[in-house]
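One chain comes next, on its own, written out as structure tokens in the form predicted on its own.
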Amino acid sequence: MNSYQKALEERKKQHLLRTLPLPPEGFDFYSNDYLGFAQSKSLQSEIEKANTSIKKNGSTGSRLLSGNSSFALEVEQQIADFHQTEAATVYPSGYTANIGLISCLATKETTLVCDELIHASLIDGARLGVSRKVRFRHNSIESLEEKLQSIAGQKLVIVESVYSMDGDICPLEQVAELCTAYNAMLIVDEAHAMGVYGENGEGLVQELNLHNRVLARIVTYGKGPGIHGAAVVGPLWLKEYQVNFSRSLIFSTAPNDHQFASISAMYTYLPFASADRNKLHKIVAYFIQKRKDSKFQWVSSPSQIQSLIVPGNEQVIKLSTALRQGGINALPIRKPSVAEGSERIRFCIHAYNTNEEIDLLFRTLENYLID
């Protein structure tokens, strides 16, 4: 048995082994399709119309070689206009956007100041760079200011607007004020806010009118928008910088025009989805009300991500199994994805979930507690 196989065996013993499951039967409380766009016939129709003029199946190369197109540039300008900024740079996925942006900005002249709970893709981007890295306590303005006070030179603060595991929201206005006070640049990952917040689904930064105080936002399309890909939006010089220094952009085959067509159609459709956003916010409010009466340990979250703490990998798997047997699909999040002792069931709420489904969820939890 080689060392790789031994590592797999060790994961099995610790109830950590990951697999690739097929979608199960039951009510969806686990996917990132918050608005139901991934299954929307209306959006599908818009995408089909946008694809009618596309002539090539593939992009044939990276954006810097043969993979660019006038259509791609038009869509990127559409994205920039929607997000009220100068430029946008599309990446094949949120992961490639995060590692590409952060790694190329993480130079020797820069100190990265990161919330301790930023996403793994942002952490990987920081690791690929050569800058000094400093972490501050999650959502703590006091801790952030303490770090910024102690750092000389170029500073780059990295946060998420809505955090993917706890579902809580960054105090963006206060963070932006500190960044201005200490001459630090700010990057906000809007993965779980895109489509969900803002008058037209622009994200939390624009809802708070902070877009002119943020260097870059990563807007991800595989969650609320229901498609695939991501974009970095910001000033024109930042796009030029990525074209020259972002390795995941330079050395990746470009998204094909079909993907750009899907992105364009989604942006056309998004402003007309206010009913879906309102449904989502109402069903989240109902879930939170039910949560307040629950005897379990919940993370305090106002968003569509609700986490129930169940310490221990074995225990969280047992609860997930009991929920699935009751018709509720919600996944266990285990160490090392979260810190030991903070293992959890993460419930993702959707515009298409109903009060009755949530009632069933909480009844199943109560029955498990009694058993």
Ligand SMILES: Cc1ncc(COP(=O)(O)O)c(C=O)c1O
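Here the structure is a predicted model, which means the values were calculated and not measured. Start at 1 and count along the sequence shown; that's the residue number.
The same protein also exists as the form predicted in complex with the ligand; that form is not shown, yet it is the one meant from here on.
Among 253, 140, 93, 268, the residue placing a heavy atom within 4.5 Å of the ligand in the predicted complex is 93. Out of the listed residues 198, 167, 229, 226, 229 is the one that sits within 4.5 Å of the ligand in the predicted complex by at least one heavy atom. Residues within 4.5 angstroms of the ligand in the predicted complex, judged by any non-hydrogen atom, belong to 119-127 and to none of the other stretches in 173-181, 119-127, 235-243, 209-217. In the predicted complex, the ligand sits beyond 4.5 Å of every heavy atom of residue 157. In the predicted complex, the ligand lies farther than 4.5 Å from every heavy atom of residue 194.
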